[in-house]
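The same protein chain appears twice below, in two forms, each given on its own as structure tokens and labelled structure 1 and structure 2.
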Structure 1
């Protein structure tokens, strides 16, 4: 069934005049301008660049940004939160809709145990207090993809609250130091997703797909403890990895399994918080960081030019790289929250409160779920540093890139090379090639076994480091040849005949008497030049360490 598109025209903008005197600001009043004034102002905002935003002038106060996030996570479950309908991405429209999902009269919700357990495990992993008694509420609002006219959520008494998420950020100009930060978690609540509106601009109509209606969600509400887009993206990435480790969600942002709303405001330190705006439905970490940083700079520029920040909802236009208004929030929407009459309170138990005759299939035991928690990313990073002796920042990179840790560990199992050397090749060489061609780790033409064989050849000094890079380039072409075959075909083996290498060194010395003279005159750079000349003569097949040893022996005669 098709429905016509409802389009809203933004009703105008309020402007305020301000004077700057030694950094203080005084407002003279507020005026409401026509829509044309808003359009003119919005045009300049849309062209704002982060790099051209005004910097505070001398004598002015600096600005501080405050960022809070609301994160919606699709729970990995075979069925929806309150019905038995299947959950499957990209299924044909309206093919996975139960009578309850369509809100037919007389249908009742049945709570999905899997979703409850996922919520409890997530709360435990995020250091939350798990409420043994939580309740469901109806949140009323009208939209075409919400058949019942309300959403079942947990507004008053959520399943988990008062937790925290720890994440690490790079510090310093060289970004070689890491600092640990914490963002507080206000609450985690269970709720059902809405359907999806498919807008057809060519036919000026909107179609509704209810496949997503009723899918189980976790809403993770973070306190406004963040200060910029980079921090927000890092915190969300850390949460994403925790969710994936728990099995709570695949958290694939491209498929809408993790969506972020960001609340942003700016103020002068020591003064009350500013008016906040909300940027809705950010579906990638890159867009999340860009949208927040843009919105911070937009608000600062607006205030410094005498304008006023409106309490509004905005969206991020990734093509223009800016946020644009969706609707204002001047009048608080009344969702008419009320207790869900068809669902009793959700009661959980632990070892101390579990009844002796309780059926384990009918109750959820918090302590049992706590014992089932897997190794979380923070613990994995600590283990990698301790087990392999790698740097902490390297452990972050191994976990942040999807599939890279598994690749690294596979190479470790198959090679004799030291873990530090494996780390260097995986993070510097493999990852560089992947990013150059925008490939995922799973798409790498070089397999862990192939890289392990190459590192074994390098470790046994069968080839030089420069030859190893040549071999990697050939492996990357994906011709199916092994590292050993490439070395043999291109004659990249190191020269093992010491007598032949001594003759080569002598010939090089005879043909470059001035360099030899510089070495004997204790020129520190001359010996390296002589080593380079010998290596060139050997077509890079000579071991630099052995060359240096032979040259030093000959030059001491």
Structure 2
């Protein structure tokens, strides 16, 4: 276990990642500009710890935090894991429930092939060993939204195990410092989701909706290789993108398709691990990072003031920004695991073990699925860097924001402008506007085609880059005008007529004799001032390099 020393203690090594909150569909908080709330949140943590770091007490040990995650991922499938009821978010209550999901007597589980394939694909993408034989178990607990009184899961022999997930973090202010990190994956197991409870405190009752009961989940168990909230959030974001690339889950945290439980403890490096707490049901990346960092700090404070950490389950109160003890867990909860008697072991095949007379409908072939794996995010990034010559961190941003890569590629396809110019416009201008108004890429009023047209005008030097910004602002208003129409209506095209420009230069020189004098007296700033004056006189329609050339000629510099 290589737990690196808690980062909070080193305020100088702030992690500056070009992070754009994954859930751009989540309209929480007020985001202004491309700098995310989260980065700001981090810096405030860093400031907090600056205080402690500046006056280290003698004999004080450093603390290291150890974070492990359990991630529940809802499989993207038409029907549930063991029944033919539909999987759909926000349907009328109890409309997507089969007799099996309601646990009526006499019903039996029938495994959904799609869920098995999704598990195998996810396991392969996460470098896991796929178990050719896995089995199902019952995990018992009492909860009203679990009508059978047990959940079918894979405790003893999961479908996939021993994998790893690689993710990248940027360190320091210089973007060049990029670190690749790995978190080991203990196992991936197939299991059922539970129903949903709505607590009506007023009438002291609980309303139960079983639509979600029995939906296929992948539980991805990470080894405790993470050391802070931010790292955990980045690892989960990477996993989320892999799942979305695979199509095995939509992994939308706002709709509960990806939920995270975090196990957290702190200890002094070199000493045994501390008692851990579990923070349950973290359903946004921002809260995940916040909850973990809060819990680490709480444990350190508790231990330093002579207290002790209880092995307990806590939940994150996002309004208060702290974790609170959650469930009554006096005594160890006994899940009474037992083999699921209604399901024989799940056997998977590969090219070598495939029986000749096998019914293809009944066979899941690991090798076949491996061949069908789509391009994964890490490969996509490498390809972008290679194909378009963009910076690695730009490739991260393009993938981080939902739909941005598709937008970028559509623009590239339709424009003559260089990829670097496109990257610049997409990542700076477009993303800035989107963030300002809290819009998803798909909601952008400027279409890829419109931006491509604008960049063509810019590329052919028909307009200046400041005019292009103006055109973009017009396009953003979305009144259906094309870039060319806006350019001609507002007379934004660059002055192509050299004679007219020369006249304009002459007129400007005539009306500003003092500036001309300064230029002649070799004041280096004066020429720029003169260029600026000519540009203003041209209503920003003149090319500054051309103006400079004419002026220099006229002033015979």
Partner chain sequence: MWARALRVRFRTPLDRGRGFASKAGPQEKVQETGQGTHSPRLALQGADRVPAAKIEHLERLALVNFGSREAVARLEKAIAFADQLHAVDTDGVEPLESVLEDRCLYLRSDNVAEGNCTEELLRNSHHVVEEYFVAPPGNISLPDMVNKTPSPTAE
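By rigid core we mean the largest C-alpha set that fits within 1.5 Å across both forms. Fair warning: this is a prediction, and the values are worked out from it, not measured in the lab. Residue numbers count along the first chain shown, from 1.
Structure 1 derives from the form predicted on its own, whereas structure 2 comes from the other one.
With the core held fixed between structures 1 and 2, residue 67 has its Cα displaced by under 2 Å. For residue 522, the Cα shift between structures 1 and 2 is 4.3 Å when the rigid core is held fixed in the overlay.
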